[in-house]
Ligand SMILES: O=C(O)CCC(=O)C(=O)O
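In the block that follows, a single chain appears as structure tokens, in the form predicted alone.
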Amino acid sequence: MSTTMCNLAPPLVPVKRLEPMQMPVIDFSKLHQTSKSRSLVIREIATACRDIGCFQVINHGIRKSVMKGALEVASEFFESSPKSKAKFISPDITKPVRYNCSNDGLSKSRSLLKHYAHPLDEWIHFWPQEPPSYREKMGKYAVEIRRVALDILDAIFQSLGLHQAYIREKLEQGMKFLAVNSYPQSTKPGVTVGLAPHSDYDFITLILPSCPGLEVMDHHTKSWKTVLQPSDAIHVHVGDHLEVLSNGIFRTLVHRAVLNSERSRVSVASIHGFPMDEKVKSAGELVDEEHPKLYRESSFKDFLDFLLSRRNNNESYIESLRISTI
């Protein structure tokens, strides 16, 4: 993600090659088959969110041509003329369309195009016009990935014992970003961090990569694991606001990107949350005398204010929301 999406930014260092994470692969199509198959999938999603904070989905219904098109226009944008990209450069992290290719402490070796994507009709005319097919192809992906995200969130809420349509209306009206990333091929021996460790502010992030390069922190061992990417799978991980909503049942995923030694890499991250000023708080059904409220409520606007005020403070956003129980 960008500095508008992320938290911690430790120094850039080479890292050793890691063991792969044993990643749950969820058959998304079973959410819409029998009630029994849906129950099994919801249980799988709950286990993944609780134990490791991420999973992958297959048979999600997003057309291969749409995924391929999104990755193609992402690459073409980053290969376009400096002049066409420069019009989106801004120090203002609140801008709805923003390009950044500088070392900002988090982006160690990454170019980023971030833009709002919902409601699509409201924002798409601000998107790049070079390459000429960018709006069409990325727009198709934005529509299809949002459908998948909302169905996954319904399943997550149901797994928490909340109504399947819990806060669906707020999510329907909520913020959605696409963070389009470009990483160069590694030219150094070993493995080099391209995007520093961080967590995302949102409920869930869905990632479409062109090749491997994502690493995640194991909740239990606090060690890094590499993510293998099955063909046509979408990677899903838990964000800060889902940790807050679940009152700590699910924990946000700390992750980073490393440079691929064989090729350059692009990825499209779809980031889903509430409307700008809508507060997220721990669900009342998950708070009682034995399970006290663990987090302060917050909004995306609060998150942006946190970023602007953080300066040299290395505290992450989720840490700033936790209520001390001592």
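So that there is no doubt, residue numbering starts at 1 and follows the sequence shown. Nothing here was measured: the structure is a model prediction, and the numbers come from that model.
Not pictured, yet referred to below: the form predicted in complex with this ligand.
- The single contact residue among Thr252, Ser159, Ser246, Asn181, judged by any heavy atom lying within 4.5 Å of this ligand in the predicted bound form, is Asn181.
- The single contact residue among Ala155, Val216, Ala74, Ile207, judged by any heavy atom lying within 4.5 Å of this ligand in the predicted bound form, is Ile207.
- Taken together, the three residues Ala257, Arg265 and Ala269 all lie with some non-hydrogen atom within 4.5 angstroms of this ligand in the predicted bound form.
- Picking from 194 to 202, 130 to 138, 74 to 82, 167 to 175 the stretch near this ligand in the predicted bound form, with a 4.5 Å limit on heavy atoms, gives 194 to 202.
- Not displayed here, this ligand is kept clear of Lys108 by more than 4.5 Å at the level of heavy atoms in the predicted bound form.
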